[in-house]
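One chain is shown next in structure tokens, namely the form predicted alone.
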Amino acid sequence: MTPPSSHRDVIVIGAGLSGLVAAYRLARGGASVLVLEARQRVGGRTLTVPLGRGYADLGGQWMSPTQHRLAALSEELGVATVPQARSGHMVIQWADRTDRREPWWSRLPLATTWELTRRVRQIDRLCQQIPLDAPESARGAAEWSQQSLADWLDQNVRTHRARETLELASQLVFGAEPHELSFLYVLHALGVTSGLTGRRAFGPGATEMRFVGGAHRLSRVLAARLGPIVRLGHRVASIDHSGPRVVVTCRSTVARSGGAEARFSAQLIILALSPSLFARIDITPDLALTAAGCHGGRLHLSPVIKCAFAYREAFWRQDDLSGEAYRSQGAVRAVVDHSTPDGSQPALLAFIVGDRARSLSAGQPAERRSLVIAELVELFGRRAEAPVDYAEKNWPDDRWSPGCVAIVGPAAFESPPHRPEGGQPRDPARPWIIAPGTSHGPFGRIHLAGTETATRWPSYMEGAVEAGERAAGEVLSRLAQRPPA
């Protein structure tokens, strides 16, 4: 076998935002670093592509003013932000009617408004009872972890419209269906972000700001500053930490290479991957990374398809509409104005999530395009029929990230144990959730980054930055304790 190439202090596996942040902090701290990425691009679950005369964010895209780490990083890298366009009325399309006036809740029946307000406040109160670093210790955790969000709604929500609203909110926040979500996970995930009352309309907390040029710019600038230490097209097949050094074996994902093999060695490793990918790496000696990183094996990436349409004019604004819309039925669950900040390229961005994303993922892009256009016409009228350009990202079909951040929420969700998709049942008295940030190790010489390991805003870009900085700090501390060579 080919001997390892030159030795590094640290190898970072994964060139998403979290891995690149970790590598950047390590390099600035004086460590020798190598970054290995299976894709032919950096950025992970952020992706910005051309659209007409502008661009479309087809992965993570927003920032909240309360996401201070992400804000500091964007300022450091010179990536500007602008407010998300929301001038005008929002469109809400229920199963039986369409509302185009705000506030949207003002036209709900009084009983529905009362119940919806009460249930949202009740959920936020329950969130406050969850210890953020140890949700399994909460009073009621054993019961909540054994029921789905749908179970809780069945027991507590009586009016149809309130139920419809809360189901739509959960689909947008988590990119999943209510019956797939552990109620304990829902409470904890809301508790470490902005709750429900901290979100406008159906949950757009953390969607106040966009990045000029797209969120993908953050990763591209980081990679440019790191330079040749970022190796694309290198899929990590194995990690051997049985000897005095950690040896990483890679296989090329470049088609013309024929899967050529390369080996690298380091003192320490940072795994900056989605936990769902851990099982693809052969680790010797074996570590319980899958169980620790995947919340007991129950963590799943949210199925999301994002569809972007460029238009000649922002016709929705002529009707005093903001371009923001929500639907409780059909394929599309949400639409936002995605025009360039200077208005030179008007655009709309539509989100397909949950069961509909799964069912439509196997189809052809042209089919999805036609379907979404038909629903945009229902929301905004006939002028939505003629986009000048189209771009989409079918995340469930992505080899390296078969899921994405939903419109406002986590890229990963946790299913309750009594559901068939949840895996093998365990002790009913044992909660099924491990708090984000409590399972990142280190495991021997392997440290974990990645947004799912963050303690605050996990599964958001803010969480990715936090996890990358935390992992880099851990590694630099260990390197500083090495005896002199």
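Only a predicted model underlies this, so the values are computations on that prediction, with no experimental measurement involved. Heads up: residue numbers just count along the shown sequence, starting at 1.
Form predicted together with a small molecule: not shown, discussed below.
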item	value
In the predicted complex, the residue from H188, R333, K306, H338 that sits within 4.5 Å of the small molecule by heavy atoms	K306
The small molecule contact in the predicted complex: L17, any heavy atom under 4.5 Å	yes
is_contact(I270, the small molecule) in the predicted complex, heavy atom dist at most 4.5 Å	no
R45, heavy atom within 4.5 angstroms of the small molecule in the predicted complex	yes
4.5 Å heavy atom contact, S401 to the small molecule in the predicted complex	yes
